[in-house]
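Next up is one chain by itself, shown in structure tokens, the form predicted alone.
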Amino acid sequence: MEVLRILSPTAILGYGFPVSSFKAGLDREPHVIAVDAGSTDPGPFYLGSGQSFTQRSAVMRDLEYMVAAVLERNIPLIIGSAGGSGAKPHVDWNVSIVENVLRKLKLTAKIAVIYSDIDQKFLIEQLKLGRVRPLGPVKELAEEEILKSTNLVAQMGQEPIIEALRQGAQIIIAGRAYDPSVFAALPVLKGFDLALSLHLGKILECAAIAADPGSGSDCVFGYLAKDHFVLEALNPERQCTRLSVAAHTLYEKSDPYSLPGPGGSLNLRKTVFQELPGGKVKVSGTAFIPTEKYFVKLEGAALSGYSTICVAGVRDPVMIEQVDSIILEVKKRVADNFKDMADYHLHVRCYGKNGVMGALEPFPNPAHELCLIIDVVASTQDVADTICSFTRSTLLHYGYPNRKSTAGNLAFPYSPSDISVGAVYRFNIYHLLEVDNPTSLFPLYIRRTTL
């Protein structure tokens, strides 16, 4: 095989795609359809709670097109980070949708399910053996944090997916996976260059976000050859450019020349991006530098408490001018009123001043109107509700200097004004685990669906 063709339908399974773009991809006769289904970008709630951040009906819509296409063409469909975060509840959720799609289409398939969950006791043992290290500016992992995690996963490389392909799986549903892995697995199995396979996967994982104009809800096609790959947008309204592809290579990376992943890193110092006619881009020169030991990334989430929020608008220029001191005094009033209730955290976000960047905001001059979000996290929902309610009422009627009206300081867009959010989580594990075998942590199960 001189050229391997890969169709990436959408940035995340459930984000959708134009049918015309998808059909254009099928016209190019792909050898595999691969799609990333997850991310840590939406925050720790989804990993911690076991819920998906995409909706079931949207995922099912996308899969109806993909499943029908791969089974008709006898090519594999590979899904990575299934269900959004890739833990067992997410994977099983995604499996159930695939099975529903197959029943609806009256088709059968050989399905491979790869789990990525890490047992707490096992990880504690590995921690004691010195095989766990921090990833980035985080603390050394403590045993108590492992025990607090509600869901704990490792990020697989392409090796477990390759094993599923070797076993003849038609549809592969993988747990938490290094984003490029689902795209690189078949190429690596077929003998294509590892570096180019992973680099192509790095760009294909977000589909048309790598095009101009970018979109997470559109398709992109990849052509992988021996010493290069080519990217092509499938929607005539978009095109791949040298700038758009190079920029997306750096997406979510802190080093422009080194992109780390399981087992090593991509070295981009000799990478060349070349525009071709027809809105295509050719990429070559990328190298893979293996690490001395093989590491996988660990991701864990733990319960932080329960949250209540309140959204309110401020339009009075007198209040806006002194909003920081007003919020500070209100917080003092809350603390004084609930001296015996210390198990809560109160934060007021001030959009229009520094709501996004906080103390790092370089232009803190207030806008003519502000959006305040009272955000309380406490040990119970009742405590969170209580603190939020008291903060809201105190801020609503707070008497600041030169106030002209006593009718109220806040405008509420919603009634009820206080919203009980429920359980909230934090990422408590973001570390590397040394492994001897890239497949040992990721059990593979083969199942055949029946009508």
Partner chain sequence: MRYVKDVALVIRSKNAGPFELTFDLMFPNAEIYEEVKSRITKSKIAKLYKIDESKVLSIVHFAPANAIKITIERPRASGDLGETDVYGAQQHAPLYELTY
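Residue numbers count along the first chain shown, from 1. None of the values given here were measured: they were computed from a predicted structure.
Just so you know, the form predicted together with its partner chain exists too; it's not on screen, but the next bit is about it.
Only one of 313, 256, 317, 168 comes within 4.5 Å of its partner chain in the predicted complex through a heavy atom, and that residue is 256. A heavy atom within 4.5 Å of its partner chain in the predicted complex is found for exactly one of 249, 265, 150, 235: 249. Residue 355 belongs to the set of residues with a heavy atom inside 4.5 Å of its partner chain in the predicted complex. Remark: residue 122 does not count among the residues lining its partner chain in the predicted complex, judged by a heavy atom distance of 4.5 Å or less.
The shortest heavy atom separation between residue 129 and its partner chain in the predicted complex exceeds 4.5 Å.
Not displayed here, its partner chain is approached by residue 42 to within 4.5 Å at the level of heavy atoms in the predicted complex. In plain terms, the part of the chain that comes close to its partner chain in the predicted complex, with a heavy atom within 4.5 Å, is 357-365 out of 101-109, 217-225, 155-163, 357-365. Counting a residue when any of its non-hydrogen atoms is within 4.5 Å of its partner chain in the predicted complex, the hits in 120-147 run 136, 137, 138.
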